[in-house]
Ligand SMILES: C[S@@+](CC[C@H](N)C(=O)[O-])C[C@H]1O[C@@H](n2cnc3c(N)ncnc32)[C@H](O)[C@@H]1O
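This document opens with one chain alone, in structure tokens, the form predicted on its own.
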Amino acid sequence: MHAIDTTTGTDEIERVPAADGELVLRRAGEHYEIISNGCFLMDTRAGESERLLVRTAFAALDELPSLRILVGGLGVGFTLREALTEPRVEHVCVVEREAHVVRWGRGPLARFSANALDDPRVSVVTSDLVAWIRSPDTTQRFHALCLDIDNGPDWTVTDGNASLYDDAGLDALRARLLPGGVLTVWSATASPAFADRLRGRFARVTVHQVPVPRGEPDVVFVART
């Protein structure tokens, strides 16, 4: 039986254990929300900044005839769906730590990504991105890394994710890029310190702000080798 939260007007669909606590999938009218340890993580309402995450990468790679893309964090599928609209994309590797998020992406959230997980160009790796990026057994390299696994470099879902955004983490990410490749990172807040770290390791760095209905604009960092 689904539990109705009368204070928020949401319908709890499922509550599951996660790698670092618990995840909740809940419905609010026609939309869905994912909550991590009581903290709002994402929903299906907009997705403009998540789509910008890949559009900016494609714009920086406009001279290449075919593309291999890594999407870090499946979320509700907006980034993956946008990646598949680009005809040059031959492969998208989705790295998602939570198997339940992948299952929801094939279930109640499938319509928001246009069933993107069923596209033959897509492969899914159920793994912690921080560990996977550094794994000596993983040699794959990509034209673009599009990361949305946290609320931002300064607002991580887990403490361990912070190492993805420090100097060593950026070095590991850059090593996964093909020559001329692009790293894009989504954030719910500005992070001048992170932008400075990017500028110390990438040839060109831009910061895009995306207005949202409430609060600070979302931010997409774009860094090209």
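Note that residue numbering begins at 1 and tracks the sequence as displayed. This one's a predicted model, so the numbers in the text were calculated from it and none came from an experiment.
Here the subject shifts to the form predicted in complex with this ligand, a form of this protein not shown in this document.
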Check: Quick check: do 50, 95 and 161 each get a heavy atom within 4.5 Å of this ligand in the predicted bound form?
Finding: yes
Note to self: Please pick out the stretch from 70-78, 84-92, 133-141, 115-123 that is in contact with this ligand in the predicted bound form, where contact means heavy atoms within 4.5 Å.
What the structure shows: 70-78
Next item on the list: Examine residue 42 and determine whether its closest non-hydrogen atom to this ligand in the predicted bound form is within 4.5 angstroms.
Entry: yes
Checklist line | this ligand contact at residue 145 in the predicted bound form, heavy atom, 4.5 Å | finding: no
Notebook entry, point to check: Just to confirm, residue 157 within 4.5 Å of this ligand in the predicted bound form by heavy atoms?
Noted result: yes
Checklist line | Those residues of 105-138 which, in the predicted bound form, come within 4.5 Å of this ligand by heavy atom | finding: 127, 128, 129, 130
